[in-house]
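The chain below stands alone, shown as structure tokens; this is the form predicted alone.
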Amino acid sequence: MNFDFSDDQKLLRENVRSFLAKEAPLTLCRQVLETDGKYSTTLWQAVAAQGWLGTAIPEKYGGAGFGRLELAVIAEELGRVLAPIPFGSSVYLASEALLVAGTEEQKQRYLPRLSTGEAIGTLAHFEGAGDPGNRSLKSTVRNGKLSGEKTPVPDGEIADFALVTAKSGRDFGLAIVDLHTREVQREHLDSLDPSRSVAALRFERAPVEWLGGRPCGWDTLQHIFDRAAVLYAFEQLGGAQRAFEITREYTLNRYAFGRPIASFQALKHRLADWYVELELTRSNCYYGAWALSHEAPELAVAACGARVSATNTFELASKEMIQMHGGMGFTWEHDAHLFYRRARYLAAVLGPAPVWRERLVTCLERREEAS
């Protein structure tokens, strides 16, 4: 079985990388981080003009009509440049949720606006510390009105609408909420990566409609998270790969005692271990992309593997990058801390690695029982 990308997809990668080299240098991420901006509007508009926001959205809904493999390619390249835009929230979460569970009317209403960047969407699930289960969820919908609080919500400050996990009696579903209504209050939250917006959302009888017209159930939410996990894993892989390339170049050109510091075993062996971790993560991500693009039964296992592997590898990469750059790596002026910040942000956006490791074990046990 060949998990590699096609020649056309590799050409797409080259074009995306060339475009982002001009439009999204690392200085852009730093600029957003050091100012009061929530995201780069110029890059968002440029990405929308390229049609990337609608990569996997069918043409009848205003998208480009490509597939998840093309979207994975773009996600990896955005990860390499630490793109300070709400691409994940709007594309991996909101768009995918609508495609998976939305009614035809909801798709016609929201997807064209998402594909052009006219609207930004997000998914609000967490309610403070921990991952709320079906029984512990506190947000509720009564008579078409939502009450509760979600925190932290990725890009909650800038999103136009949110898909909010909530209960209605014994049922569970995703409620679509217009975030510009007076019944919704937003509060900025400080985070380790200010180049990506995070907020707390409070709902006081906010008018909603159910995604799909009725409560969708817990399994649908997990399926949406599995799909998003694969795409976020590619973004993490891109960041880890770029951190490795920058560090490798530095260690090859930084001399000590007349030799490149990369020739010393203390660094050489660590670089080799880092490379192995990258390639293992790449394999997991490719497996996840295959499962996602083919709607394979293995998607749950593949998504968990990609998520856990990519999270661990990006965190390793960001730490090793700082360490191997020595004293310079600890300075504000160097870009190493930008990678560390993004690694920590992406590690938390869908729930921490231990949650996904536990889910991976559960999925493997179920598969074993079924066989």
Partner chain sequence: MDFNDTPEEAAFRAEARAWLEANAEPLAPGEQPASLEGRFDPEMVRKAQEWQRKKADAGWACITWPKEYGGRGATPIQAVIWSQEEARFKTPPNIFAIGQGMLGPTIMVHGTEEQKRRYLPPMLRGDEIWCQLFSEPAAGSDLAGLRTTAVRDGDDWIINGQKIWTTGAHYSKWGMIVTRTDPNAEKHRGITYFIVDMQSPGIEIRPIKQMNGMSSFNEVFFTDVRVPDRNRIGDVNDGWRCALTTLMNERHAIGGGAGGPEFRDLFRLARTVLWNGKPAIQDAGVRQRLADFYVRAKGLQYTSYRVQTALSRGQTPGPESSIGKLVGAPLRQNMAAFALDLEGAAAALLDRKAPEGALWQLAYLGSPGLRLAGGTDEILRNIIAERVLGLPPEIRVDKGIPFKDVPTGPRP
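In this text the structure is predicted, and so the values were computed from the model without any measurement. Positions refer to the first chain, counted from 1.
The discussion below concerns the form predicted in complex with the partner chain, not included here.
- At a distance of at most 4.5 angstroms from the partner chain in the predicted complex, none of the three residues 17, 61 and 179 contributes a non-hydrogen atom.
- Of the heavy atoms in residue 354, some are within 4.5 Å of the partner chain in the predicted complex.
- Interface membership of residue 328, defined by any non-hydrogen atom within 4.5 Å of the partner chain in the predicted complex, is confirmed.
- Proximity of residue 253 to the partner chain in the predicted complex: non-hydrogen atoms within 4.5 Å are present.
- Contact between residue 265 and the partner chain in the predicted complex is found at the 4.5 Å heavy atom cutoff.
- Between the partner chain and the residues 185, 103, 222, 283, the one pair within 4.5 Å by heavy atoms in the predicted complex involves 283.
- This chain appears without its partner; in the predicted complex, the one residue of 152, 207, 215, 148 with a heavy atom within 4.5 Å of the partner chain is 152.
- Picking from 244-252, 81-89, 104-112, 140-148 the stretch near the partner chain in the predicted complex, with a 4.5 Å limit on heavy atoms, gives 244-252.
- If you take 58-78 and check each residue for a heavy atom within 4.5 Å of the partner chain in the predicted complex, you get just 69.
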